[in-house]
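Here we start with a single chain on its own, the form predicted alone, put down as structure tokens.
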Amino acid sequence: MTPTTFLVGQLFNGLSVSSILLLMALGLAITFGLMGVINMAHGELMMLGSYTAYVLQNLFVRQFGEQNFGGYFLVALPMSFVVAGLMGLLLERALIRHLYGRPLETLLATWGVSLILQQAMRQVFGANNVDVRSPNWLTGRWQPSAGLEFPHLRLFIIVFTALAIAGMYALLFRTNIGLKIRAVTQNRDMSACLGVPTAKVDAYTFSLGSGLAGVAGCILSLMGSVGPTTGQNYIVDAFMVVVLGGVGKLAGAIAGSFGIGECNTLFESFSTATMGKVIVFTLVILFLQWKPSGLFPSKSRSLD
């Protein structure tokens, strides 16, 4: 393998890891920035998306047979968004809206919800992990040159993440609801005085962020087995991306995920996976000592 091939391979691996991190943190960046809610159940919303893909996989095999198996994923993506989004809407209406401005109580309450969801999945699907198979059109590899291979699944994740970011920017900066979301994020009290229904904006935004978590879980289910504790494997990384980038900033989430993903891939190339994560965590902690508000700090935010 030539140095150029190695470098291109490392950059691609880092970009794919960055895309996965960004997909996990995208919904969290929106809800955390708007409402200041430390949602410890974010990982379990991702888990719901993963189990939605698992259920639809089995339904497609029973109803349409193995020859049409690959079509399940095209249905699983929007259904994961709907299932997790509805759960997020229920969570916001029933619990979180009564705890605004009380971060400790919100953290404890959402942690309790995460435990409830984990136990519910154990009761329904069992304690053992289950496997979600990739559709045939995502199992191959693209080999542009000798010694250089790009898995179709990772290419799909990169492209899908780019489309998700473009969609979020279009929603936030080209639509009326996006204008209201940005207004509430910057100054909640003034937005309410100008007639913006802040309670509805909170509910719809939290539902949107939850739906994005479900989509992330659906895609991440193709990377490994799914279990009741699947979400716990990703929640720390998602929060780390959001905090490093700057609370509530999509540009910060993009920059944070890219930095962490590329660094993680780089350090793993000459050490172990565990040591690579340790080095990345250490660098993030040192960076936050220098810039506690992250790469893109918010100019103003009111949580009262």
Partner chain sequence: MSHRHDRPANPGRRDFFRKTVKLGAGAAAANFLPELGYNLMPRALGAEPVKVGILHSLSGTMAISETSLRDVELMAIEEINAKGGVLGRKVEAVVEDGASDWPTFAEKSRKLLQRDRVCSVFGCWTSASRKAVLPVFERLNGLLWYPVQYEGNECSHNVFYTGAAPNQQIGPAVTWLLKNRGKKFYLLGSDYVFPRTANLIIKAQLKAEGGQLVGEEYTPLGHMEYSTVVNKIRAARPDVVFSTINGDSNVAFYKQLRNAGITAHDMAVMAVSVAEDELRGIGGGVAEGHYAAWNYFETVNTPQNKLFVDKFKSRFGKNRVTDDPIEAAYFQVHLWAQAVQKAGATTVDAIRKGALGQEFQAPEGLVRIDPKNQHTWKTVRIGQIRSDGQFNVVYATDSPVRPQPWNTLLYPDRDCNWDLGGTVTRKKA
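Positions refer to the first chain, counted from 1. This structure is a prediction, so every number in the text was calculated from the model and none was measured.
Just so you know, the form predicted together with its partner chain exists too; it's not on screen, but the next bit is about it.
> Can you work out whether residue 154 and its partner chain are in contact in the predicted complex, taking contact to mean some heavy atom pair no more than 4.5 Å apart?
It does: once its partner chain is placed as it appears in the predicted complex, residue 154 has a heavy atom within 4.5 Å of it.
> Is it the case that residue 113, even though its partner is missing from this view, gets within 4.5 Å of its partner chain in the predicted complex, heavy atoms only?
Although its partner chain is absent here, residue 113 would stay clear of it in the predicted complex, with no heavy atoms inside 4.5 Å.
> Any of the heavy atoms of residue 280 lying within 4.5 Å of its partner chain in the predicted complex?
Residue 280: no contact with its partner chain in the predicted complex.
> Indicate whether its partner chain has at least one heavy atom within 4.5 Å of a heavy atom of residue 229 in the predicted complex.
Residue-level check for residue 229: yes, a contact with its partner chain.
> Report the residue, out of 78, 101, 224, 167, that has at least one non-hydrogen atom within 4.5 angstroms of its partner chain in the predicted complex.
So the residue touching its partner chain in the predicted complex, by this definition, is 224.
> Among 145, 128, 136, 175, which has at least one heavy atom within 4.5 Å of its partner chain in the predicted complex?
None of the others qualify; the residue that does is 128.
> 44-52, 231-239, 58-66, 252-260: which one contacts its partner chain in the predicted complex at 4.5 Å, heavy atom to heavy atom?
One stretch meets the cut-off, namely 231-239.
> Establish, in the predicted complex, whether 91, 189 and 207 all lie within 4.5 Å of its partner chain, using non-hydrogen atoms for the distance.
Not a single residue of the candidate spot has a heavy atom within 4.5 Å of its partner chain in the predicted complex.
> In the predicted complex, which residues of 251-277 put a heavy atom within 4.5 Å of its partner chain?
265, 268, 269, 271, 272, 273, 274, 277 sit within 4.5 Å of the partner.
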